[in-house]
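Only one chain is given next, in structure tokens, and it is the form predicted on its own.
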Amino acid sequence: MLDKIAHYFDFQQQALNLRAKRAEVIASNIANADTPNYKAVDIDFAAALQSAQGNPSRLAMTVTDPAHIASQPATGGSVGAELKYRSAVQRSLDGNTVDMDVERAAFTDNAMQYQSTLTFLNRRISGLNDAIKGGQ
């Protein structure tokens, strides 16, 4: 019974985890806006969510170098997603590819999507609560 309820909320949980991870990535980009040679990165949210839906037991970062620490498979709450370099709109002289306008827009969009997902999750919980109470 609890497995069915947990499965009922899986999609929203994975979407929220990915949105939170993307917010961290964008915040990291903003924090490094003045760091020379820093390359802005982002998560392809749609691909990451599709990957999470297709294989929920294997949400981990991609290891591309032997010096990287291999991540553990996800156990419910953790989310891994492949980071991709964002192409620079306008290159700076110091090699930094962070564009604050792009980062602000991405952060705002991500925050709105996060809030929307929370609203959908809240409605699902309310619907389930109504079903348990028998519609009273």
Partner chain sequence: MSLNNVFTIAGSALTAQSMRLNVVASNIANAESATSSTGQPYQGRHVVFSAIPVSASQPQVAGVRVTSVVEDTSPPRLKYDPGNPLADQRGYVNLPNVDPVEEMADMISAARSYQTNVELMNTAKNLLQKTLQLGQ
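All figures in this text were calculated on a predicted structure; none of them were measured in a lab. Numbering follows the first chain given and starts at 1.
Just so you know, the form predicted in complex with the partner chain exists too; it's not on screen, but the next bit is about it.
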Wondering, does D65 line up within 4.5 Å of the partner chain in the model of the complex on heavy atoms? no
Closest heavy atom of L83 to the partner chain in the model of the complex, within 4.5 Å or not? yes
Just checking whether N32 would be counted as a contact of the partner chain in the model of the complex - the rule being heavy atoms within 4.5 angstroms. yes
4.5 Å heavy atom contact, S92 and the partner chain in the model of the complex: no
Though the partner is not shown here, which residues of 23 to 44 have a heavy atom within 4.5 Å of the partner chain in the model of the complex? A23, E24, V25, A27, S28, I30, A31, N32, D34, T35, P36, Y38, V41
